[in-house]
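One chain comes next, on its own, written as structure tokens: the form predicted on its own.
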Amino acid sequence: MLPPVAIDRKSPTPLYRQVYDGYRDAIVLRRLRAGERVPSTRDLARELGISRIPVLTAFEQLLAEGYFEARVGAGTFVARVLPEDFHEPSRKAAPPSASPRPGPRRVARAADPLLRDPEPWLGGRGPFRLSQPAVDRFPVQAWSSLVSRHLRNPRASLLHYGDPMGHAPFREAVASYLRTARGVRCEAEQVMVVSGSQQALEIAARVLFEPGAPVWMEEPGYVGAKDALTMAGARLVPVPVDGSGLDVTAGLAREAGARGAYVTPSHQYPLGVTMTAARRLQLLDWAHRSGGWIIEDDYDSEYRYEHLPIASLQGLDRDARVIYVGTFSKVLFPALRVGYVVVPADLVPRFAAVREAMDVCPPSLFQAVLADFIAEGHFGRHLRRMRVLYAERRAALVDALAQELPQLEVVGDAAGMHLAAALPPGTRDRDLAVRAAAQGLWTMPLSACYSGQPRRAGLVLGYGGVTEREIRDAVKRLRTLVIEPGGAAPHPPTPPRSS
């Protein structure tokens, strides 16, 4: 590493003082951090092209003042405990870019709508945390074996830049799985691999919608989708969700000429309801007549407990109006960051172009591993085991809520890894969620999923990543918070939040 010292041989300041000032200022301004190793005096003198004597003098002074510490047999380091005045930089410590009259620091306004108040319910892992699968049940041994296989003898194609659409064998595996398990009408050439469903939403929004284009958005709905659409410049049109899913009639009344609609028909986020067949056909008819696009986010449809998984909306589409989005984050592990989007054939070049501009291509290694993971049956076996496990955990949560908090109405417990528990009207669900987070209960307030005035209060409870015993204990702790004074107090109306 280059030393944080600039030697000026024409300066009247002695060389040792220039070395001393350079290191002291770097520490004070936190360019060097506590515990970082510094070069030896011999190496530093050689690097600076000066005698070792001024370097030794500077280091002795820095050691004496407590900026450096020497460790026997290890070298010299920035002190872990710095002098009391380390917050007061020397007069010569101003950064080179500093100016007595700095200009305004202008930034784009596109990110402003994404700025929110702190959301403490997203701050940890444990009871009720959403999108938290049972990673301890993931077949690590099988996965590790496949990773090792590809790393021992990597093909050159996995080490070079790849296709913006993704690794061909993996896309074949995904297309085959979707046709069989989800009723999706697609070929491998239509499958694009992405870094999780969030990137799929961002790319789709950029391809499909011009700035200002009105887009139907489920209300309440997935905040990540709102963010992706907002960043693309779309104008969100909140459309209410009832027990049958997105209310298409309400959408037509609010913005019949919308350019698109975002829906989670198999397991609505966050309410968990399933869009009925009548609503699906009504939505497809609207898209056909208006020329609108439908983004179908099928984020956790693999887990359904009372009957077989619901076939995709895309499989009913005969007019190529549906963009189908899915992810492996919920069924395998979140850090994998591998998802997919099924694109109408005529839009493939546009999607590929946006993807290439965004990050060239998806990483190939884990795609190759996943292709084998699917082909060798590990994926199917893991899904079957997880369906049984999550069904048991779902039942434990529903039973515990019925016993401890019968005043809560359970909604959307037939599928997925979360359910919603509706609270009495006027409840401060956000305040309750903040208090719960302080107790290690990571429940999301339902009101956080509304763009405007929340129509109902509630808590969204994840159960995938916790045991049945932990679930029962967590519900008892939650009961204490709900029944405490102020835990379910009504609150005055709040102004709608801008979408």
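In case it trips you up, residue 1 is the first one in the sequence shown, and so on. Rigid core here is just the name for the largest C-alpha set that superposes within 1.5 Å across the two forms. Quick caveat, the model's predicted, so the values are computed rather than measured.
Beyond what is shown, the protein has a form predicted together with another copy of the chain; the following relates to that form.
**Student:** Contact check in the predicted complex: Ala228, Ser290 and Arg337 versus another copy of the chain, with a cutoff of 4.5 Å between any heavy atoms. Do all three pass?
**Tutor:** Yes, the whole trio is in contact, each within 4.5 Å by some heavy atom.
**Student:** With a 4.5 Å heavy atom cut-off, would you call Pro362 a contact of another copy of the chain in the predicted complex?
**Tutor:** The answer is yes: Pro362 has a heavy atom within 4.5 Å of another copy of the chain.
**Student:** Does at least one non-hydrogen atom of Glu356 fall within 4.5 angstroms of another copy of the chain in the predicted complex?
**Tutor:** Glu356: contacts another copy of the chain in the predicted complex.
**Student:** Tell me, yes or no, whether Asp473 is in contact with another copy of the chain in the predicted complex, where a contact means a heavy atom of each within 4.5 Å.
**Tutor:** Although another copy of the chain is absent here, Asp473 would stay clear of it in the predicted complex, with no heavy atoms inside 4.5 Å.
**Student:** Are any of the heavy atoms in Pro169 no more than 4.5 Å from a heavy atom of another copy of the chain in the predicted complex?
**Tutor:** No.
**Student:** Sort through Pro240, Gly123, Gly426, Pro154 and report the residue having a heavy atom within 4.5 Å of another copy of the chain in the predicted complex.
**Tutor:** Among Pro240, Gly123, Gly426, Pro154, a heavy atom within 4.5 Å of another copy of the chain in the predicted complex occurs only for Pro154.
**Student:** Find the only residue in Ala277, Ala391, Leu383, Ala402 having a heavy atom within 4.5 Å of another copy of the chain in the predicted complex.
**Tutor:** Among Ala277, Ala391, Leu383, Ala402, a heavy atom within 4.5 Å of another copy of the chain in the predicted complex occurs only for Ala277.
**Student:** Choose from 263-271, 181-189, 371-379, 407-415 the stretch whose residues reach within 4.5 Å of another copy of the chain in the predicted complex, heavy atoms counted.
**Tutor:** Residues of 181-189 come within 4.5 Å of the partner.
**Student:** Select from 336-354 the residues with a non-hydrogen atom within 4.5 Å of another copy of the chain in the predicted complex and write them out in sequence order.
**Tutor:** Leu336, Arg337, Pro344, Asp346, Leu347, Pro349, Arg350, Ala353, Val354 sit within 4.5 Å of the partner.
**Student:** Comparing between this form and the one not shown on the rigid core, is the C-alpha shift at Arg469 2 Å or larger?
**Tutor:** No, shifts by less than 2 Å.
**Student:** Checking Ala58 here: with the core superposed, does its CA move 2 Å or more between this form and the one not shown?
**Tutor:** Yes, Ala58 moves 2 Å or more.
**Student:** With a threshold of 2 Å on the C-alpha, tell me if Leu29 counts as moved between this form and the one not shown once the core is superposed.
**Tutor:** Yes; Leu29 is a residue whose C-alpha shifts (by 2 Å or more) between this form and the one not shown when the cores are overlaid.
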